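This document starts with two versions of one protein chain, written out as structure tokens and named structure 1 and structure 2.
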Structure 1
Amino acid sequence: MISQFFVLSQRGDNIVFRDYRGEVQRATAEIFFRKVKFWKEDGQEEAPPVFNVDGVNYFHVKVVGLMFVATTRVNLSPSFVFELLQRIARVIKDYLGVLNEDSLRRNFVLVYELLDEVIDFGYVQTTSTEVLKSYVFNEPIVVDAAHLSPLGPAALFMQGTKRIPGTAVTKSVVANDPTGRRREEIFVDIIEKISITFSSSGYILTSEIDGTIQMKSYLTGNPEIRLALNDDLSIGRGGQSVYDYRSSIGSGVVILDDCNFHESVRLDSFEADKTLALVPPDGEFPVMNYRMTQEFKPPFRINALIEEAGILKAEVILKVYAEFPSSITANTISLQMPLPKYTMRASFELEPGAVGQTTDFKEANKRLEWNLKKAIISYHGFYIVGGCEHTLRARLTFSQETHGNITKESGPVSLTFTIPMYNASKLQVKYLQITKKSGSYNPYRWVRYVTLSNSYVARL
């Protein structure tokens, strides 16, 4: 049972606010933002996703820079509320085409209409875009792609050339094209989040892929479609290695530990020819979620070393190897490493000719940061040469003599990144077939692959 729902900007501006039960004071948005902004409890610098203030439970998730928050006085399952907040964000995005502060402000009437249908007196009714079409009548004011925030969903696919047009990920499911006809389009993404733990020498200790085949449909008439995956796809561990240096999305055996499918998917012919049949609902939804822990080639490899260099000094050596193909570009690469609490200063030394790299020592939380704005495997101008090691040396100065093992007081090293058009599992969509023939359908031969870091760390 939800008491309130509201959306805040990064500045704390209250963009959307709906009080469903009137049992919680209306100043909760201000209380929440002040608490999150200046959180200093339990030795943490960031507020947890759920906390309690004066008997009110606050649940929040961050979506493209916006804070989606729910409050309640009763004891609710955090997983339930977090899933609800994510689904509300997805429904709003389906109707507005793009989810950012500008689109919310321009479409506040439509957003409030959606919220009143999704939740009634604090109880969830539906989060299905298709079901909501029968009850929501306002048309969206579509925000032009030029007004997109850099935090928007299209940011992942704006690097390089020959990418999907901007409207592919920003168009509303109820919006029409300028001629008054609804565009008949469907888009498929394969998004993988990688979790890997390396030893200090760069060997893999644990590895896992959490992946999703995400679909966004603008098709009218609810036609059945067929989605074909790898012929040699198998579910369940069979002891077979899939470690293959030849290709990131090419053919080859793909062994998934387990998977689950959207309720609309029929598996009649899945065992025979690895084909999924479904009637896609309007909007964005996961066709298939899967997990893989078999051996696979990581896109990056990390080596980390810290050793004493005197009574009050130590040296950190970090090496990152980029191991994806030459045609792939990685974005937003950031490496972080916690340092001993008694670290006073840090000076950095990058390899000669390094361009587009920044380093910083966050004194408040004793953390080293190394950012690479762009890394590309083939050498073009100032980009980083793939296949080579990229090294950072940091010289640390301590405020006291070390009394213990500085290795245990440092790390682990964590790496975050985004790699469009790359997937480590080699799962691929061979074809998408619409069984109902229509001249208005607009086939577009493209599947977007994206790999993200989930938990990518190296122990010292």
Structure 2
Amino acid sequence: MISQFFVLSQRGDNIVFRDYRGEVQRATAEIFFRKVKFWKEDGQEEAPPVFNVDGVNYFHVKVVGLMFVATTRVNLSPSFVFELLQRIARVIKDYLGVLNEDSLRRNFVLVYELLDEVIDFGYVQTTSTEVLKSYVFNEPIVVDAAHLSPLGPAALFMQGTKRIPGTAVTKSVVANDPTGRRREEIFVDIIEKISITFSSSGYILTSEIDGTIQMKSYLTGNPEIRLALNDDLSIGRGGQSVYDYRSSIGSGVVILDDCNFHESVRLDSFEADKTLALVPPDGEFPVMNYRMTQEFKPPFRINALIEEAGILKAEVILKVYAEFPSSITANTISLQMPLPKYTMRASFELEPGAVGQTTDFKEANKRLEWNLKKAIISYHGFYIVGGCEHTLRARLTFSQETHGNITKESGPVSLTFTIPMYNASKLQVKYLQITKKSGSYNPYRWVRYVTLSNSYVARL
């Protein structure tokens, strides 16, 4: 069981503090904050998510810049506590609509109320948003979502595309709509994170897609839902190496290495027709997590080169190719490349006609940055569009002579991006069926896709 739970702001202020068992001293919040802020152990500068000070174990997870912390003297399961802390954050978000420092401060009484029902004497009672509804009486004070910082997957859908009402995902599960009527709707988001490493010659060394089908339901009466996935979906079992690409090339079949499901999902007909049946609980939750190492077409190819160009000089050439259809646009693209430590200056040369691209040389950590946030290609329109290619040349000046192997002193190049309405795995939600008797019942259904970079790296 846990002893205390608290939430700290980035500055270390106590926003919420609950002591469940009174067996650890109150000063833990300060001890914790000091330890995390000035962490220096094992030559590392970043505190691990759990550590022990004087017999007290401190667990913390970071959510939207806040630290959710639990303390205990008992040798607990770390994954239990981390899952719990994440879940508490999610329950609070379900209630407040928006989770940030401001909304927490304004609703702290409601948060205390939730915390008292979620945990009793250190033991978890329930984390179901639905069950909690009957125990919790404070009304949330909803914080204006318009000034939200773009954090978390939900916010991704608010940029770039107008099809989705931006405020919908920031609705509280309990707050009453000003119009008095709740809008019946359900969101299904397919979020994929890509990790890929290209060798210096452009080959893919490793690649993986980690995906989640996330659901958020605002349907009254909890009807049953059926989610149909690709017919040819298969989940790899057995001994064959997961890195065996040969089997899957060109077949178009989606083969997942492995996946797991939310508690509420029933898999009765999954084998037969790849359908997940569930009664979605209130609030946001992952229906299914999956992992895929099957070969896929990476959305971007990167070509990076660094060459000496005379004494104390070198040239860097970076090329990015967008390899997705031109109907799709990617945004917030950023390339980063660590340069040799003795780099003094860098001058940049963008391709002719490039608009909305920015370049920067970060002197402090000797890093090159190339942002294509508002990239405009004259004949394609705004944003990076599929099928196009961009080049950056940079001239570097060094403060000392190079020791021969300049490629070993720089790189690798890393790319971050967001591509809405695109997924690399080709996993699809073919239909979303809501079983409810009334014929006139036709709630809004949103099925959205987004692909993000996780570790997208090209070596030199």
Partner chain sequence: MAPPAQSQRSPSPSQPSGKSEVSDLKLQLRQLAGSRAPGVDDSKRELFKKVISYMTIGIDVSSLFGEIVMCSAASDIVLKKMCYLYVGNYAKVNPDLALLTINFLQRDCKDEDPMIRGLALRSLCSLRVANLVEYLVGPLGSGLKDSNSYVRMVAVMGVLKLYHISASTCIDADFPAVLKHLLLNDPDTQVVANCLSALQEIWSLEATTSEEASRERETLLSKPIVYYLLNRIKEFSEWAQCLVLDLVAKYVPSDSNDIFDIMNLLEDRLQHANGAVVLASTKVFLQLTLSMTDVHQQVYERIKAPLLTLVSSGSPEQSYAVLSHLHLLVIRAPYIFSSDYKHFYCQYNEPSYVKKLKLEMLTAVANESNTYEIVTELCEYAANVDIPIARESIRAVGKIALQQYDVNAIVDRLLQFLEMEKDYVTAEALVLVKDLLRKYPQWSHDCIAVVGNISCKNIQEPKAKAALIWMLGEYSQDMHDAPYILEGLIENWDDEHSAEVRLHLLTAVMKCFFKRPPETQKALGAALAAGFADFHQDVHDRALFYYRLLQYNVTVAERVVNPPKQAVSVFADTQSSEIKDRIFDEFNSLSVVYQKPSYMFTDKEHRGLFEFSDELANLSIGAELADTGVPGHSVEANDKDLLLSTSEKEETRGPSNYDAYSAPSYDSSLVSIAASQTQSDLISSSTTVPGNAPHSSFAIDDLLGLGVSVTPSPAPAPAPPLKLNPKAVLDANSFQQKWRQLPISLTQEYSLSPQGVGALTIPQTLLRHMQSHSIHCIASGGQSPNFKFFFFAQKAEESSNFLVECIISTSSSKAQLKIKADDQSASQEFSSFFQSALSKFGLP
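On a predicted model such as this, the values are computed, not experimentally measured, just so you know. By convention here, residues take numbers in order along the sequence of structure 1, the first being 1. For clarity, a rigid core is taken as the largest C-alpha set superposing within 1.5 Å between two forms.
Only structure 2 is derived from the form predicted in complex with its partner chain. Relative to the superposed core, Gly202 shifts its CA atom by 2 Å or more between structure 1 and structure 2. Superposed on the core, the two forms differ at Ser103: its CA moves 2 Å or more between structure 1 and structure 2. Superposition of the core reveals a Cα shift of 2 Å or more for Arg87 between structure 1 and structure 2. Superposing the two forms on their core, we find that the Cα atom of Leu114 is displaced by 3.1 Å between structure 1 and structure 2. The Cα position of Gln25 changes by 9.1 Å between structure 1 and structure 2 once both are aligned on the rigid core.
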